[in-house]
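Below sits a lone chain in structure tokens, taken as the form predicted alone.
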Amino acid sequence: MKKVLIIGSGGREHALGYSIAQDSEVDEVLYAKGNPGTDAEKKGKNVKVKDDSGELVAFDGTKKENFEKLADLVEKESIDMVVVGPEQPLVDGIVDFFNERGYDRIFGPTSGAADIEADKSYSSDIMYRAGIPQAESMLCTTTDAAEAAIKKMATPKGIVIKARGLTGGKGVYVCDSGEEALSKLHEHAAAYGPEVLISERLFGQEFSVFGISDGGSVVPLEMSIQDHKPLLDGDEGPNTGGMGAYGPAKVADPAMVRKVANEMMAPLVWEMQKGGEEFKGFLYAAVIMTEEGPKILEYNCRFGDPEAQPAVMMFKDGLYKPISAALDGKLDEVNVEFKPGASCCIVMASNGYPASYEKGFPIGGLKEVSKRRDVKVFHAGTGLEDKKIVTAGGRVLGVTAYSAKGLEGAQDKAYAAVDVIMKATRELNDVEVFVHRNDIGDKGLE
């Protein structure tokens, strides 16, 4: 029987572990550090290691200073596979670290390959060389240069400011005019640094395509997913890490997904390979359907969050075999199949997110919702206090539902579960603890 280790503690990692555990070959899924939801899974267990005093404590496998302990754990526990969830440890070289120690069963790109997400300039340059359609853009290393670029490139339709490094999905400002961009530039620089990519603003519906790469080829998950970044209904309000997602998205059918994979993902992997960077892991393409056809908004070097949550609810089988095949260089033997119907994920965030918010509120309704068929609550920002599950982050829960009948059924199930948790948590705390959008999936029903 196989043991798998998941690196990370959010909703994406909970979803990945949940999917991998569906495989009969997998006996146990360990998490470093996981969350109360992952520890409660039938095959799940959050890893604990001894601290300096000899006490067993949970530890964060995403931290660079813990890579050594992580490697010792993999050897001690005879871990068959390590799956890295978030982008930061990938950029920090966790895959390089393990490979140097002779362990190659870790799924994720090397630090250099992870620059496809960490460095917008690198990404733009690779796309240009590979002939992949994208927005016209200009790299600026100073605020003065960015101001000049905005004045030169802005149109009556607006302009986009993109931070160069990792920003947790929040470093993009979409501005309606050059004037707005100039007024936002200093705020953006204060938050994310002066190096930015000033880009043409593209218009159309956005969707996400995910693929699994073994370094030489890409197998797409043939279901597009639509994320919702702004906090409020109607795509209003501040940008967030993601307030919900659904799939399949009507804007991109399986044929379009294959087109994106063949013309925008595989060429990227080949171009990186020519440059000496082998990309092995999840590849995420954020795409916009313009009047000229699909264009790339950005690439990520990992599965999306919250897109992973509705995706795993749609798999006929789990992710263990596809990932294992990619690690073995046998992607051509993989056939990832999806169930009929649709899935919808509603993110329940702490009231006040993405600005300041309080933590430590007990969460109600979880036990009742867990009994509902085709509904799964993935934990993201939760903690445990006095044996009670409490809020411990900005995005707290990803309430996800599947329906064989389609998106409307999945949406109804998800929002019914959200209502139960909202009401029970409100009654426990005498205050409105959560905020969520009420229109996740509406674009797919229009």
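Residues carry their position along the shown sequence, with the first being 1. Not measured: the values here are computed from a predicted model.
Form predicted in complex with a small molecule: not shown, discussed below.
Residues within 4.5 angstroms of the small molecule in the predicted complex, judged by any non-hydrogen atom, belong to 201 to 209 and to none of the other stretches in 146 to 154, 214 to 222, 360 to 368, 201 to 209.
Only one of the listed residues (K280, H188, K229, K259) places a non-hydrogen atom within 4.5 angstroms of the small molecule in the predicted complex, and that residue is K229. When you look in the predicted complex, the only residue of V160, C140, A71, V251 with a non-hydrogen atom within 4.5 Å of the small molecule is V160. In the predicted complex, L297 approaches the small molecule with a heavy atom inside 4.5 Å. The shortest heavy atom separation between A266 and the small molecule in the predicted complex exceeds 4.5 Å. Interface residue remark: A135 is counted as part of the site for the small molecule in the predicted complex, having a heavy atom within 4.5 Å.
Although the partner is absent here, V91 sits far enough away that none of its heavy atoms falls within 4.5 Å of the small molecule in the predicted complex.
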